[in-house]
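Presented as structure tokens, the chain that follows is alone, the form predicted alone.
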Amino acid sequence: MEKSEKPLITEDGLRTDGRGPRDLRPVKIEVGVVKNADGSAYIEHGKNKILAAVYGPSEVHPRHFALQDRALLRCKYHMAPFSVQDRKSPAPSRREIELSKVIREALEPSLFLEYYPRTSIDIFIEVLQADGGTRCASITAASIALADAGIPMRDMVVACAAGKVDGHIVLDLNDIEDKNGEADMPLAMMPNKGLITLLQMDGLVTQEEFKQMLELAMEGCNLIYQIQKKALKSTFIKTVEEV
């Protein structure tokens, strides 16, 4: 974490974007935005703009990667060169490879992969604009895309981060808070099951602060979960009406 000279939280308790410590950034979700994908979703989480597409279950290529007892879940997270202020190389970075693995592992517990042995389910995530918390927004979008594709699920996975900024515990860090704050804790969970599928942390906090961050991140996940369900329901209601 870098140290910022300018306070990130004012004396009135307002953050750089005008939010209070426990406020989420605006979240907008659209389902079924990629015509040629089996399932897709688009999310705007604050200034983040992310597209997720799912293909499968389908035959595994190369075939020797196939698993005999379940489907092979693959995930590719990629940031567009224009998604950040300084142009990014289009080649996959170590961070993108790591986040692809993190996102896949956060989603796997929610899926009944054993229903589709010797097949593959592929998730492609494209970050069009980044502003902190892209892994959380990507997990949220990818889970909706999987549901849109009709993949059997125990529950949808939703993700949100909490952290410590200028000594305050805050929800849903933006880019400047992520870079200059004291701690950042991304969390993903299945709200109906009450199960956490991802928990990471960068920074140093006390045991009590960790507990506060955990509770606040789960609170944020439950708020986004309602938006997830509403977006998915409205899409299927619209489809039924069209039929």
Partner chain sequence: MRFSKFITNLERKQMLNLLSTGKRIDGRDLYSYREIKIETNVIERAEGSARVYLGDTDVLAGVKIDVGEPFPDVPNEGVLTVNAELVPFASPAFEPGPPDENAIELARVVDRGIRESKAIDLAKLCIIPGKKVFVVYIDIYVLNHGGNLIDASALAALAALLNTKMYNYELVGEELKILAGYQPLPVKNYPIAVTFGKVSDYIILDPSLDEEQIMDARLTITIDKDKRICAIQKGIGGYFTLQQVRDIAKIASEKSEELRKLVLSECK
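Positions refer to the first chain, counted from 1. Everything numeric here is computed off the predicted structure, so don't read it as measured data.
Omitted here: the form predicted together with its partner chain. The next part is about that form.
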Should residue 67 be classed as touching its partner chain in the predicted complex when contacts are defined as heavy atoms within 4.5 Å?
no
Given that its partner chain is not shown alongside this chain, does residue 52 nevertheless sit within 4.5 Å of it in the predicted complex, heavy atom to heavy atom?
yes
In the predicted complex, does residue 72 come within 4.5 Å of its partner chain, counting heavy atoms only?
no
Applying a 4.5 Å heavy atom distance criterion, does residue 155 contact its partner chain in the predicted complex?
no
State the residue from 121, 79, 165, 171 whose non-hydrogen atoms include one within 4.5 Å of its partner chain in the predicted complex.
79
What residues of 147-179, in sequence order, lie within 4.5 Å of its partner chain in the predicted complex by heavy atom?
148, 175
